[in-house]
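What follows is one chain in structure tokens, specifically the form predicted on its own.
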Amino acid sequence: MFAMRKIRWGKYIFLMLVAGFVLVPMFATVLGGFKSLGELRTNPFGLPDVWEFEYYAQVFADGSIWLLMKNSLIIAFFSVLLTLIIGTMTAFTFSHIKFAGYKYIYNYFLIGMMFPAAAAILPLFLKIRDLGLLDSLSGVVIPQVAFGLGFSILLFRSFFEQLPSELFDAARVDGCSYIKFYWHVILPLSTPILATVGVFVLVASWNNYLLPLLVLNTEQQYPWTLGIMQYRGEYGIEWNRILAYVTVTITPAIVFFLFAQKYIVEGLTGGAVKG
């Protein structure tokens, strides 16, 4: 009994440490937007001595933030939409349609998870340029979808294979085609995994900095991650305004994640155990 309590307390302490590593920088970011530059240097983690709301007010008063947020939302929306459509169709094929070489094709998709986007910057830039997608939101969306397919297909296929095979057999007996089975049976049962992959793709797209920096040249096309550069002054960086700006811009992703966390747990555990 005593040993079990020690293990339980050890788990609690470990989880508290992990939560501290996540929450302390987050709270420091939020509070940093209420401090002057001098106080931010001397007291980066504590509560402000004087709460200065002007930096948050300046962020909201700047009309460019709404354009930046709109561009980020457009990129994230189409990245999520295309990843879910292509990922579910591909994973459904690998799960229920057996054909010559399907394992090799599936492994080919998984190999893509081993190569980060940063390792393919030069060929990626050349291909985007050749396709005429430079300085367009499509030039950001398409590579994001391509790099996210391996992980999404892995999760979708794992989840689809846990669904009862009797559903597929009954649908085939009733003359249901693959498309109808995918649309009327698979998708309605896949809400947890759809939400899981959607959240992962949305957060990755919302926080992406390198790819928009590579593709976009016009400020009217910038997402919020590139908007940080406007706070880089001639003689220094306005860190308090940057922290206020980051707090405002990451809030939508955090809120969406909190609302979808129930489905994330269900989606990840749904494909973990053979039922």
Partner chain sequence: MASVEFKHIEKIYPGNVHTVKDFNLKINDGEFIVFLGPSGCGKSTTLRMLAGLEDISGGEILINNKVVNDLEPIERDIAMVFQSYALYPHMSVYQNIAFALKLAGLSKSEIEEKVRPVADMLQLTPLLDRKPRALSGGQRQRVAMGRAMVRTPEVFLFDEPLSNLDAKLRNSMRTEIKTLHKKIKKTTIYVTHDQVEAMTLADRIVILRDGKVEQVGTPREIYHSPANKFVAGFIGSPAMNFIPVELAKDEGWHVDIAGQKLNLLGDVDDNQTDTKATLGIRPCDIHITPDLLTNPLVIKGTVENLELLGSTIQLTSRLGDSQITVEAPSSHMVNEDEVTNFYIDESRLHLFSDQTGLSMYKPNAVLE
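Numbering follows the first chain given and starts at 1. All figures in this text were calculated on a predicted structure; none of them were measured in a lab.
The protein also exists as the form predicted together with its partner chain; that form is not presented, and the subsequent description refers to it.
A.B. asks: Where does its partner chain sit in the predicted complex: which of 129-137, 69-77, 100-108, 171-179, heavy atoms within 4.5 Å?
C.D. replies: In the other structure, the partner sits against 171-179.
A.B. asks: Looking in the predicted complex, any heavy atom of L81 within 4.5 Å of its partner chain?
C.D. replies: L81 lies outside the contact set for its partner chain.
A.B. asks: Does any heavy atom of M113 come within 4.5 Å of a heavy atom of its partner chain in the predicted complex?
C.D. replies: Contact with its partner chain, no.
A.B. asks: Hey, which residues along 177-191 are within 4.5 angstroms of its partner chain in the predicted complex, non-hydrogen atoms only?
C.D. replies: Those in contact are K180, H184, V185, P188, L189.
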